[in-house]
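This document opens with one chain alone, in C-alpha cells, the form predicted on its own.
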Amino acid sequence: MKILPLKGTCDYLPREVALRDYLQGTILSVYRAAGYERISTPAIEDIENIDKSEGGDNLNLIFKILKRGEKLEEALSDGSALCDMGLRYDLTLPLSRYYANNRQNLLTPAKCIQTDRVWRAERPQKGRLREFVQCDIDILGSASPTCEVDLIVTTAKALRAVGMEDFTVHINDRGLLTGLLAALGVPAEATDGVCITLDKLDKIGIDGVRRELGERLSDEGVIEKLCALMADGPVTLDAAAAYLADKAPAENLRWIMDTVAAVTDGGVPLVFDLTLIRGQGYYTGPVFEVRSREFRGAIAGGGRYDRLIGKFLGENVPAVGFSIGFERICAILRDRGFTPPTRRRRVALLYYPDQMVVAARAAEELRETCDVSLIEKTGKVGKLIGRIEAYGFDAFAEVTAEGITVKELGQ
C-alpha cells in the first residue's frame, strides 16, 4: 500500500487546514456582505454536459468515469462510449445546469457563491494541481454591465481582506477582440487560433507571436498589421476601438472601467489588456483577470458567458462570474509565513489517567476563552512539552495539588 497522495493532490496538516479555513471564511464573509448566497452542486456531471460546455483546453483534462456493470459490458461489446459521467473541471458548468434546473426558486438576477473542489488531469507542477478549490461568485439573469462592476469591486475587496494588496485587474472583451481581428483581415475560422497565440505575448514576446502567427495565417500583410499594433507596447482601449465598426463593446468596457473607478475612488487598479483572452470558449463578452507580482500568473479570473445556460434551456440567459484562485493565494500566504489573525489561543492540558475528571472539568472552563486539547502524559513530560510547542500550541496546563497551572510556550 502507498502512503503518499496521488501526484497533483495534497494531504493538509492541521496548520495548513487552519489557513485554508481562515481564507475561505474571510472570502465568504465578503461575498455574503455583498449579497451573494452560497449554493452547492454535485462533484459529478453527465459527460454529455461536460463535452458540450466549450471549456477550451480544460475539456482535454476531464477525469471521466466508466460505466458500470451491464452498461460497461454492453459498451465494450458494441463499441459505444465507455464513459457516462465525469468530475467537474470548474464550477461554471455545474452552476449553469443548476440555474436551468432551479431558476423558478431563485431571485432574478441570482447572485451565487460556490466554494468547492474541482478536478483536472493536469501535469502536476507548482501552481497546478489535479484536485483544487475554486471560490466563485456569479450573477445570472442580467445583461447589465453593473454586474461586471459588482463582481470586480467585490473580488477586489475579498483579495484585500486576505492580505493581497499588490494586484492589478486586467480587462478585455471577446466581442471587441474578434471585431478588431476581423477588421485587420483575420479569417473567422482562424480567430480562435490567433487568440491563443496573442494570449502568449507576455511569455514568448512579439517575435514568438510573429512566428506562431506565420503557422496560423497565410497572409503576411495581416500578420504584420497584428504585430505592428502590439509592437510598441500595450494597446489602449481608444486605439483598439478605432478599428471597430461596432463601437458597443469598447463603450461597454469604458463604462465598466469608469464606474469601477468612481465606485472605489480609484482604489482598484484596472487596465485594458487586448492580449487577455481566457481559454474557455463559453465566454461571450467582457473577460477579466487579477495579476499579482507575488505569483507568476493570474490569482483570479472570469468573464461573461451569456450562452452557456442556453445550452440547457434552449434560450439564452445572461450570466457573468469571477473566480478567485484559492490555491494560489494559499501558496502566497504560506510563503509569507502568514498566521490567521483570528485564531484562538491553543492550550494543551496534560494529565495522568487518575486526573481525567479534574482535567476534563478544567478544560471546559478554559474553553470559554481558548481551544483546549486534553493530552495524557506518557513517557518523559519534557519531550511531550517540546512536541506540543513544535506543533503550534501557545501554552500548556497541568493538574497540580493547587489546581490547574498554565504556562506559556515560546518564551
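Residue numbers run from 1 along the displayed sequence. Just so it is clear, the model here is predicted, and its values are computed rather than measured. Here the rigid core means the biggest group of C-alpha atoms that line up within 1.5 Å when the two forms are laid on top of each other.
There is also a form predicted together with a further copy of the same chain; it is not shown, and the following applies to it.
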To test your reading of this chain, name the stretch in 307-315, 205-213, 323-331, 271-279 whose heavy atoms come within 4.5 Å of a further copy of the same chain in the model of the complex. 307-315
Give me the residue from 259, 252, 168, 178 that has a heavy atom within 4.5 Å of a further copy of the same chain in the model of the complex. 259
Any non-hydrogen atom of residue 410 within 4.5 angstroms of a further copy of the same chain in the model of the complex: no
Is residue 48 near a further copy of the same chain? Define near as a heavy atom within 4.5 Å, in the model of the complex. yes
Although the partner isn't part of this model, could you tell me whether residue 14 comes within 4.5 Å of a further copy of the same chain in the model of the complex, counting any heavy atom of the residue? yes
Contact label in the model of the complex: residue 388 to a further copy of the same chain, heavy atom within 4.5 Å: yes
All three of 76, 100 and 150 touching a further copy of the same chain in the model of the complex at 4.5 Å, heavy atom to heavy atom? yes
Within 4.5 Å of a further copy of the same chain in the model of the complex, counting any non-hydrogen atom, which residues from 94-117 show up? 97, 98, 100, 101, 102, 105, 106, 107, 108, 111, 116, 117
Using the rigid core as the reference frame, would you say residue 354 shifts its C-alpha by 2 Å or more between the shown form and the other one? yes
Using a rigid core alignment, state whether the CA of residue 394 is displaced by 2 Å or more between the shown form and the other one. yes
Answer yes if the Cα of residue 385 shifts by 2 angstroms or more between the shown form and the other one on a rigid-core superposition, and no otherwise. yes
